[in-house]
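Next comes just one chain, in structure tokens: the form predicted alone.
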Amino acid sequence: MAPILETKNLEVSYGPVNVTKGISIGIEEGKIVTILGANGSGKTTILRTISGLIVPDKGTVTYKGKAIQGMEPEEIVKMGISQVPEGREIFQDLSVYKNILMGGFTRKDKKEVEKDIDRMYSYFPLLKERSNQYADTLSGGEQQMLVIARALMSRPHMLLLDEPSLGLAPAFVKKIFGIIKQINEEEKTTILLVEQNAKMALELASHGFIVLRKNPDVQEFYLGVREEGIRGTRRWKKKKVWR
């Protein structure tokens, strides 16, 4: 099966600093796939490049057979890709309801938008209870639920999640990961997950990619081998690699 999304030989630099080099991944439709790697290995940069927030120096991003690198983020959202950024970027001075509503800003079907807000409340009952509260009064876990709900309002075919467990209590982490699985199963949404909690990411994903730098310790941690000079990504299936 041809991948719904594919990157080939992505290279991205911030000024003189090369962040990613030779990143090639393929994501099959309907799957949950994770990207693992050490801090600073370029995982967030990969997601931001896919969503159009960064234009790569080299390489291509192909979605449903069309090259999308360099397109405006809004156009990429309209094509069916939505990103949940790291750090829970909420509209603090807006209510929970209005934050969720902002996720459907590209849509014109107002009645369906309202139906989808109700659907978000079915996934996240806590948000319904707090719908009239300002978003900055929510806990960290509730804010994470809010940004996921907002991203789903565009009815994406593919959801990019950047560190959804970051800074959350274990109970909220378990709840968030359960909702991610539910969204994948019920909505058939393809999910690309960047996550530092390797154990939970590996349990959730069908397979994934490890972004490696020239660091034998990192290679040994993720792959169980030491090999000098690796750059780019390694693909693995969890049943074969993770013990």
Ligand SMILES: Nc1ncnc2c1ncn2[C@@H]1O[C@H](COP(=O)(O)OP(=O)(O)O)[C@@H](O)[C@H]1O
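Numbering starts at 1 and follows the sequence shown. Nothing here was measured: the structure is a model prediction, and the numbers come from that model.
Unshown form predicted in complex with the ligand; subsequent notes refer to it.
*Asks:* Can you check whether Ala38 is within 4.5 Å of the ligand in the predicted complex, heavy atom basis?
*Replies:* It does: once the ligand is placed as it appears in the predicted complex, Ala38 has a heavy atom within 4.5 Å of it.
*Asks:* Just to confirm, Thr44 within 4.5 Å of the ligand in the predicted complex by heavy atoms?
*Replies:* Yes, contact at 4.5 Å.
*Asks:* For the chain shown here without its partner, which stretch in 170-178, 44-52, 23-31, 185-193 has non-hydrogen atoms within 4.5 angstroms of the ligand in the predicted complex?
*Replies:* Contact-bearing stretch, as computed: 44-52.
*Asks:* So which residues in 14-35, when you check the ligand in the predicted complex, have a heavy atom no farther than 4.5 Å from it?
*Replies:* Tyr14, Val19 sit within 4.5 Å of the partner.
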